[in-house]
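Given as structure tokens, the chain that follows is alone and in the form predicted alone.
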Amino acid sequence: MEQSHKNVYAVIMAGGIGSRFWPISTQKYPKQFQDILGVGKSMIRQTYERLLPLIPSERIFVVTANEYLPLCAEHLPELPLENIIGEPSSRNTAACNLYIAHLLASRDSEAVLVVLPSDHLILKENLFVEKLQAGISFVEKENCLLTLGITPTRPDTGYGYIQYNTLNKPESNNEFFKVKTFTEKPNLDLAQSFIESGDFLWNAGIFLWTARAIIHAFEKYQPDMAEQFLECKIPEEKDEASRYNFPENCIVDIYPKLQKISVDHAILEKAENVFVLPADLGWSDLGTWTSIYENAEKNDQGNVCYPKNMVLGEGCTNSILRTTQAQKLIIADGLQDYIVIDTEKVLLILPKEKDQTIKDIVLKVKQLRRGDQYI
């Protein structure tokens, strides 16, 4: 597929810790840099390669924590180092979206941004590219904020939901719909009613907008945050583009002061020009070990074993059995619906139904004497 849209830039958000995938995902080496599915590539590498049919390396950017800059460079050696942007502190996705929008607007006043997480699964990659192409043309024409909505397959309580107006859509295109509401992780009864209504989609956290549109949205709906960034503008420059340039030391000063909030809550739930493009992409946010189990290759007993030649679990069913130790053999019998994760410092044995408690387990481990060495 030929690359087009010379003003289009991809922004991969890669600053999370991924604590729900502990003990594989740790503070020093989080989920996005791991081969979580055992396919031979890290999650961030898969995300990067998924974009290449549409956007070349020189226009792909990564926003990450300063401590992960070397890891990003290691996993994406093709990227120019200046395309890997470090955040001085973790302030959730609103701050990083405003920051990168300013940076790209300073380079290209017509910049269109495709913003996406670094650690999601998308099985239908050709369709993904087609949807991005359609979405890019739409936001260029409509000057709106666009999100991809995933066709739901079940009443999942772990996802956010987007309600869209089936009657309110641009006359020029039947694929795009005006967003009515966002709902974050409903209970099961509410999720079931969403599915039955037929006008809800899963929120994939994949966004398309022009740099100008998202900056203006922050100026309207988050004026304090917008003003904090504008305090960093280079004063001697008067042209339009210069207001998006700021010295690095200024960013270091203002970043910890920014509100810690998602771009969904900060902007999308408030803005009036938000649209959704429904898509059936074979998508999962891979948010828990159970979601890994659902998407990974299984043996005849329904087990996910990695590496295959170092795990013997013939008496086990529907379980995840994984070791990171190249010379260690895992032998298990009688386990049903379990998670067994063995690392250099930690052995985790947990029923799959309790995978949502891993964040709580991590907090308890931190409280142990010298507990930080395990996190």
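Counting begins at 1, following the sequence as shown. Remember, it's a predicted structure, so these values are computed and weren't measured experimentally.
What comes next is about the form predicted in complex with another copy of the chain, which is not displayed.
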Exercise. Looking at 29-37, 323-331, 60-68, 42-50, which one sits within 4.5 Å of another copy of the chain in the model of the complex if you count heavy atoms only?
Worked result: 323-331
Exercise. Even though another copy of the chain is not shown here, does it sit in the model of the complex so that Ser89, Leu258 and Asp264 each have a heavy atom within 4.5 Å?
Worked result: no
Exercise. Is there a heavy atom of Tyr338 lying 4.5 Å or less from a heavy atom of another copy of the chain in the model of the complex?
Worked result: yes
Problem set entry | Contact test in the model of the complex: Ile55 vs another copy of the chain, heavy atoms, 4.5 Å | no
Exercise. Going by a heavy atom distance of 4.5 Å, is Tyr9 a contact of another copy of the chain in the model of the complex?
Worked result: no
Problem set entry | Partner proximity in the model of the complex: Lys345 to another copy of the chain, non-hydrogen atom cutoff 4.5 Å | yes
Exercise. What residues in 345-371 sit within 4.5 Å of another copy of the chain in the model of the complex, counting heavy atoms only?
Worked result: Lys345, Val346, Leu347, Leu348, Ile349, Leu350, Pro351, Lys354, Ile361, Lys364, Val365, Leu368
